[in-house]
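We begin with a single chain expressed as structure tokens, specifically the form predicted on its own.
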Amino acid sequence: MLPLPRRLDPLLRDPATLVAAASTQRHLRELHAHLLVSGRLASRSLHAALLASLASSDDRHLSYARLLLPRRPATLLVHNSLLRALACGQRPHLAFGAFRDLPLAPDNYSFTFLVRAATALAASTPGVAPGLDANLIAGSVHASALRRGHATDTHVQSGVVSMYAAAGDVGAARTAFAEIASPDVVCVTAMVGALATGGEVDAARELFDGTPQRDHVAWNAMIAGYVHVGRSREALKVFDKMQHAGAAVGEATLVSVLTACAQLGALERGKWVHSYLCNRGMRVSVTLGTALVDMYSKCGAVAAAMDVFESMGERNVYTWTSAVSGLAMNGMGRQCLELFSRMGRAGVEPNGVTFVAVLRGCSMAGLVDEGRACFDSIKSKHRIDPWLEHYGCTVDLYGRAGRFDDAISFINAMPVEPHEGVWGALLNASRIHKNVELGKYAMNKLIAIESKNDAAHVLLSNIYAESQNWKGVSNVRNMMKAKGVKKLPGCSAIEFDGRVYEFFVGGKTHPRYKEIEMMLAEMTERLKIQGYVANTKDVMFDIEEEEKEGAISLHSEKLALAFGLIALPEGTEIRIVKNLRVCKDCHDYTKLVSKVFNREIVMRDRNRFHHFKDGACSCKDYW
């Protein structure tokens, strides 16, 4: 054996650096031999640390680590070190085999690490551990801890709560938490996370507020919980309180906050988060970079999204998909296809979500042939079985282009039962092209699946209203009333001075409503000079034309637009997020406002983005 170079001697004090320095198996054996000869491995703690370091590296070193396990150990220290390394590593499912091979009865540490492995497995993406059911494993691990008498250990108890939370079993997490006499801060935090992850954010908040000690994990769980159920404003309020409390803000926090900004369309807040992480020298990881791309895209700031994308040194399929989706939702179909092609050249294999984005991009831009070729490649080239969403997007692709025969033929040839997305796409296409009979057909198919789909009823009612069929409108309204279906009220949000303001159709509660009312009058007056005539075809009532004009004049996006004109400085882009599809009148109205008032306006409705400038819209009136 060659003498050990003096420069490597410090490595022997740190097993992690030792393993990192072992570039070959032969080198590893030489360093191991020196540890034996020098007597350092007589220390159980060093032996355990070496083994854990080996297990945390690649598969080759894991095999070597198993050879170092003592056959007749006096304690479980070394074996638990292996268990811990596997549970906390990239292959948590391997910890179960190591647990079964324990030469002594497992102790509380063994179960702490086993519970951690089950938690990691439950939280992992599908396919990480083929053949293992995370939910069944969670129950069996807990049962084993009970049987062995270690279920009352505080670390095991906290871990069990987290384990059930990761598995999505909030009921089991509640039961486990109730059995803890004096839960510590770690256990309470785990329960907050369980409730928040399970969608029970109000119960999570009650527990959270009653906890005097909160670490960053509890804050993150609460923020992520609000984002998960779509209560993004509350998520941002909790983030503000988190900063005020001085809790550590890390990557997980900012990813949730960026997601909240994306949901709200709160671009300025999202920009602030971007500046925040840059000013603190935080590394823009793949996860954080992807969240930034997603936020900018969903706020309509496509150039900023692509700047972040291009600046990233490392990208994964989710990053590429976020960028492709961002171009698609902003109506940039050609650019969407170009980026998708570039993704292929970069050797990144697309997933099902990527194809949903590309198909939507083709549909929004009317690229029918390109979209159909993309759909055909999903299975033939990429070996992915098409999802229901892919079928829905393809029907939308044909329908928006008015190719109804192709759409019907495609539906009839589907190997799966058409779902609500397919019929909803056909119904929407019927409205675009004013095809009443096809709309009725699609509506009947849709309500057979979703009898209380409010959007479907409204779409059919709009089709009737546009054709002046007031009896049809009345029938739809009676049908909605009989089923208890209520139309979702129109709501538009606009960000100003760090706050997001909401406007509802006909709403007059805003503190600056008098100014808004005056601006609305000025807008309409100036637009009429340019030839604006209210389009009242979408009004679902057989009333006088003057009354119809009054009804559509108070649509939520017009109120938000008026507020933007009086509140935002000249030259500032006006950004509006609407919960429903923008109606034809408001679309034409906003185009004219962009020209007459010389303002760029970005509007995100239920279907897509509309970028208004100089009297034109990026959708080219195709939405």
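Computed from a predicted model, the values in this text were never measured in an experiment. Throughout, we count residues from 1 along the sequence that is shown.
Unshown form predicted together with the DNA; subsequent notes refer to it.
- Put simply, of 234, 454, 153, 268 only one has a heavy atom within 4.5 Å of the DNA in the predicted complex, and it is 153.
- For the candidate set 363, 330, 81, 492, a heavy atom within 4.5 Å of the DNA in the predicted complex is found for exactly one residue, namely 81.
- Contact between residue 108 and the DNA in the predicted complex is found at the 4.5 Å heavy atom cutoff.
- Shown alone here, residue 435 lies farther than 4.5 Å from the DNA in the predicted complex, counting heavy atoms only.
- Contact between residue 505 and the DNA in the predicted complex is not found at the 4.5 Å heavy atom cutoff.
- Interface membership of residue 396, defined by any non-hydrogen atom within 4.5 Å of the DNA in the predicted complex, is ruled out.
- Partner contact region in the predicted complex: 384-392, out of 93-101, 465-473, 384-392, 412-420, criterion any non-hydrogen atom within 4.5 Å of the DNA.
- No member of the trio 461, 521 and 556 reaches the DNA in the predicted complex with any non-hydrogen atom inside 4.5 Å.
- Residues of 322-354 lying near the DNA in the predicted complex, listed in sequence order, are 322, 325, 351, 353, the criterion being any heavy atom within 4.5 Å.
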